[in-house]
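Read on for two forms of one protein chain; each stands alone as structure tokens, with the labels structure 1 and structure 2.
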Structure 1
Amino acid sequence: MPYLGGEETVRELKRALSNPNVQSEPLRYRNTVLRVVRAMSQGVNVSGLFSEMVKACATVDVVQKKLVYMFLCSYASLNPELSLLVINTLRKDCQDPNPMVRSLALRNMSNLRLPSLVEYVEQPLTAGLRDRAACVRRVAVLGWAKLYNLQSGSDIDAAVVNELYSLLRDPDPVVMVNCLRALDEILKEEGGVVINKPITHHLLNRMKECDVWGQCEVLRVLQRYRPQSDDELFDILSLLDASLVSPHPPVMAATLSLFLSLCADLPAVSLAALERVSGPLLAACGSGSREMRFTALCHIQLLMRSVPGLMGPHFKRFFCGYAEPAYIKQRKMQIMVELVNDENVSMLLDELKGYCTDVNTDTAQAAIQAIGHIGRSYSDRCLEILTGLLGLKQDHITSAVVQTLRDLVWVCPQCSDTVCSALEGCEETLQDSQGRQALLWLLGVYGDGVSSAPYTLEAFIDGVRSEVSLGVKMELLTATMRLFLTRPAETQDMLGRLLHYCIEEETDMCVRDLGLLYYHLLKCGVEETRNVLQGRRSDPSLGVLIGRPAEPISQWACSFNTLEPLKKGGTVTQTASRGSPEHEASKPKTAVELPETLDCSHIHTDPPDSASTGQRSDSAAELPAASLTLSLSPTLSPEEFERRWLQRCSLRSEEAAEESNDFLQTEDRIYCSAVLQRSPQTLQAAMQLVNIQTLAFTPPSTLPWRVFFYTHTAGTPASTLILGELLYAGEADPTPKDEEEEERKADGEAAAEELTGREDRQVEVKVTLKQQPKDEEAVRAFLSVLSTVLHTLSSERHDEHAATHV
């Protein structure tokens, strides 16, 4: 930082420092030194005073010593030769009877950070390790760490390392903790301090003596220890139990971290630990310091990835205070969205609605997005709030609402009518390009439902010359094209004008190319254009996966209690993207708590309850593939799933599929009650139990109701991949199916089941399976597993129905 008059100051200070009159008066001398240090911290380059300052350290005044040492440490690297002069004074101070002086000298000696001086520092440091005063030993221990840090890669002196290990038994707890820190630094290359059983037990016993910082250090280091037996493990865990609920958030977090690493193979214990810390973590969320509150919130989000319901009963604790900073409010909202359930949804929505008018526009927009996210499961209530917000006529609110509506309607197309009626008049309040882009997209796709759509587009087209946003121009072009297909009469003229402008006048190449592309497309005929623009898109319901699946703890345990969780933007508001709606689907996570493969045969031999399923499983047991083994790995990403699924669709249309050797597609029907009302989580958990990975759901009680899933069958002759879809399109036809399908049912028992099914309010769920490579027996076995799962689910709720149904 430039400092005016710096040179003048330095000259004047130099004069004063070398003035014998000043030197003879201790107080004046010290004040001059003080002025040097003050100038230094103000950014003046006072390195020219080095030699004068070296002289000034030969004093009995401790305060002056401290100031001079600090100066010397800051500039030592610029004056390595002169620094040698200081070493003498420092070494003399190391012999001082006053331990404070000794520790001061030792600390600064190791702070000089000059490789050339290492040889002079080693001897006092060695002596320091054996000093009577604990404060000297503390400094000496860390001094060794500094020394090795300075010359990393140099040989490690085994004697020092041994001495440091033995100092772990030092009566002073800070010396002990510093030893851990120093050894960690010195043995960095070898993986840090070695923690064996005696050391572990020693550290655990002495942890109570340490302050918060020391406890955290001990807990961190102990993560390296692997107990030799379960008994030992549980002894350690019970010793740690008290600090798990420590009122000091850092200690609590460090203990949990240790718990998770010790119990990596014991998911049940880890989960119990998470439950146990939820109290202290919530307390930390109410801490006086907002940074601590923020940290606690971020860590709660981490925990909720594995235990989504952890904070369920405490949802009110995440309500925002008026004066809280935006970063806290946004995290709290992300958590609130995750906690929504039938009981609290109206309260949470009321609360979020209040934040939509927050003075901080980002908070307001985040609140609107959060409501949109909840809208995927509770669309009616959320749409009411969102459309109500449009009435405020605030540009940032309207923009966020329109974007949220666009994202919502993409995954819940059934909302489109409400959205369309809300759109009228929005264009007047929209200012930013993101919001206008969203509006244009909606008008393009749902323009037939918005009576004023062509007029709105026309206004945009009239102003296209002054439009600066590239995104808006591109979106305008696409939207006009789409609207032309649904409302040609009103749009044709303006489309012509827009295309003319884009091709002839527009300077941006992207817009021009897009214009040309559409122009040539139109020349191919309207039908062709329609095929392209309104062609089949990926099924939006594929994307709706309500509530993320519980992740195994190991997914995040390593980032717990670091900076990591603070940096990641949360999961909810960020995914509600601001660009064009993108295909969203959670990545399926293989649950490590479950065995990778599961022998399903026990499911057949152990029928849930009813005789019918029993009968079915008996027949299944007769099949040769009864010992079918399913497995979740390798995982299939949603994108990959979709690609394969659609690829198979096209194949079928060419009627090649049935014949193809390596591919099998079958359809079947399973009758079950109540499955539709089960929450997706339950269904998913049940499917996972038999190693079927569900990828996507429609929200419960929407029609058509769909589930997509996949699994791998392992076994002879080769393992196969099965992709599947469960579909319930509405009330089953009383006389369903053509004969072909009847025939395809191998055992024919389904017909009987169907009869009973009809009496029993059962619904007919269509199963479509695609298998590759073809293995009919595996498919049949798989079908029986699948129907067992579905029946189990139904019977859980409707035991009595299940009974009669048999």
Structure 2
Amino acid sequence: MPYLGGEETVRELKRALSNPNVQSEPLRYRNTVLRVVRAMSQGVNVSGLFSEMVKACATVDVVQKKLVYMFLCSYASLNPELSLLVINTLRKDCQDPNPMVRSLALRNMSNLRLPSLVEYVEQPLTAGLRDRAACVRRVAVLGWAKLYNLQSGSDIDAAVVNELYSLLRDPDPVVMVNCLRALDEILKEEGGVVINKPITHHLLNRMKECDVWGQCEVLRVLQRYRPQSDDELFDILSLLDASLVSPHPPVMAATLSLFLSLCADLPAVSLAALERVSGPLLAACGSGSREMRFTALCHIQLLMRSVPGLMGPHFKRFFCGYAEPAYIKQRKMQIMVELVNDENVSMLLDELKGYCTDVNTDTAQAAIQAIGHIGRSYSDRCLEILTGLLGLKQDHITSAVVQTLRDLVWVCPQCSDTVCSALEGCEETLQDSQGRQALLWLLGVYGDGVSSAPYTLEAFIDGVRSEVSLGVKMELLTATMRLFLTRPAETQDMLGRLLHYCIEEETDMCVRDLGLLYYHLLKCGVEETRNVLQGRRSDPSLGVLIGRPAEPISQWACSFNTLEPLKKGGTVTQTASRGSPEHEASKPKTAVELPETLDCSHIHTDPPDSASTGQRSDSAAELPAASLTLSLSPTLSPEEFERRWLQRCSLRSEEAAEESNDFLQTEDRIYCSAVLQRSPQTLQAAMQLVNIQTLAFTPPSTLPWRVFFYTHTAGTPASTLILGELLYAGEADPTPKDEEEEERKADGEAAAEELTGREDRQVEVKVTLKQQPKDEEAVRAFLSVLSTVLHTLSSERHDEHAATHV
């Protein structure tokens, strides 16, 4: 919007600038120039004063020169012909004995940005590169970058490029950094500044002289260099070591990014670097800047993808402050979910419970979803908190709790009884469509356990004409159909009314088509309808996985110290799913590729060099897997698994098998290769194919490596429950190690090599099984199935390994 009274102001200022009396008094003249700049900043078009302001730049007053140059740079593009008048003054100022005046003239000469003035600017800039004052050289270096940006299609002057390369050894660190930036701009089409070994070591040795942003620029440019030998690499890492724990978060982040780039083939060194930066990152989380805190939290989540327990001892540092913004609170809650373990679960749940009543509804709902995510591993404690929150009778809290209960019961069906008892009366508080859809799904799937389910659905059906949500209508129709199959007498009349409305009165074609589908389905018979609608109530493949699998650093290293972690949101805890959880579960969760069928051709035998070849039994392979049927029902919670597992610990002995009247415990060995390199998701998915449910893993890079699982057997004289553990403790090497290898083991590399360096030889995995009631034939058949799964994974791993070498 133009400034009111602008034309009169311009005329008044023009008279003042042309007044000889004003020009004769330097202070009045400078104040008049200041009024012009002030009017320009207020939106007045003062371009008509260009010629008067050109005359005003011929002064010895540095302050007045700055004001005039600011004006000229702003309006030079509108007055290209008159801009030629100021060139002589600027070139004259470039010869001024005052270095401040020289740098000011060079800066504004390059800021005019007029192609017609390029020929007048080159000579002063060339002279500025050799100026004795550092401030002039700083401006001249950046001036060449501006000049080439102005005429990007012109040829590059090799002499200027060589001069800039020589200035990389300038004693002033700012000149050195500006040369890097200028060369990157000038040589942009050729890939930027070229970094070789002498330049790399020179920049590293000079980096401490630079300010924070200068160090970041140097570290960014150094990512283009690749050391020629391991000795050179470790020399560079030694020089970067101090910057890795810098108190300045930008320097620390840039250094770690360079570390990860250089150590792409040294995972142990990269992991050690991640552990070292945990302290500076935690310090950044306490920064006074909200933006800095949020960025640090996002990058902590990125690091935890490869080192899940990195911040475990410091979980209290992620407790939320009352005055913190919602986006920081929600990010902290996501991190707290990742840090839950047996020791801190009570404290973290108490903390999250306090956030559930936050005045910000988004924060409260995020806290409830975080509790639901923890409930996958600690269902009893979380259910107690969630059901207690329903008593608050607040719309947004009740909605979030019902959605969380729906998602929780989908992955932990053993919670269904508690959830059903908590649903009574929830419909009176729910107002939003997502909460009502979740409630309707629960009433449809578990309505046989909710006494008031038909009456609740009838209230929804009576108000269906005023319902505006399409999702609620479709979920209501499906829930009523499902409840009709379990409680037909109470639901038949209301189902008929709902189908009549959906087919005859509903205007939305989606609801109408769904009503017609269910109507024709009922005409086919109740049993056909039951087969279609009454599928599984849960997805065991989403069951409890205690401990998050570690990802390779290479998967996210390229996005570290960029905006990518901030845009993607890092690790999402458990977002509220829209619609039925069946639809969410149908989406692929991981990039796991498994064979369509398990190869049963592998025989459970010892490796040729094993000393126990003649001692062990091959009974596990004698019974074919087809003679045994495995099942995941009834579901076993982690708490119940732990209780049953520990209940029989007193029966353990040195023998391979030990029996009681109704209990069998046995131990066996399976020899396989490469299965330890498989991710927990891959092993879990493979076992799911044969109905074996995994409950807990240790991280793949630690020893001893364990997996706990369970299954139920059928097709035998009696149904039995089998609890199992896979254990790999590592192999003892009798040959003495030299001092260097001992140091590497002390640094934690030995465990990683034990687990990742077994591409071509087999390892011994100990299998412990506990069965109740006892059925030796079922155990032998189960061992055959388990051996087939592990051998199939091993063979697939070998195929992948061979393919990479073809």
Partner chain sequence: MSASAIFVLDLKGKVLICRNYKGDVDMAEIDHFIPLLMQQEEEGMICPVITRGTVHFMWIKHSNLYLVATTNKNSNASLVYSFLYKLVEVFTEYFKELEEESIQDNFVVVYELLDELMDFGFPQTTDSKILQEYITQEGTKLEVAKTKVPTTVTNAVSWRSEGIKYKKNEVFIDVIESINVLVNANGSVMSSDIVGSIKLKTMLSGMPELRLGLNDRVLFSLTGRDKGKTVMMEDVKFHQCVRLSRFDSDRTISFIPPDGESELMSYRINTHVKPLIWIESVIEKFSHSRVEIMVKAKGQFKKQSVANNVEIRVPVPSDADSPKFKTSTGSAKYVPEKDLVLWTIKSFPGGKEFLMRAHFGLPSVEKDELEGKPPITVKFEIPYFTVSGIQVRYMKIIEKSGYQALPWVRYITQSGDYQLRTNA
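So that the term is clear: the rigid core is the largest set of C-alpha atoms that superpose within 1.5 Å between two forms. In this text, all values refer to a predicted model and were calculated from it rather than measured experimentally. Quick note, the numbers are simply positions in structure 1, starting from 1.
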Given the two isolated forms of this chain, which one is the form predicted together with its partner chain? 1
Rigid core aligned, does the Cα position of residue 128 differ by 2 Å or more between the two structures? yes
Rigid core aligned, does the Cα position of residue 417 differ by 2 Å or more between the two structures? no
C-alpha of residue 110 moved at least 2 Å between the two structures on rigid core: yes
After aligning on the rigid core, report the distance the C-alpha of residue 784 travels between the two structures, in angstrom. 8.6
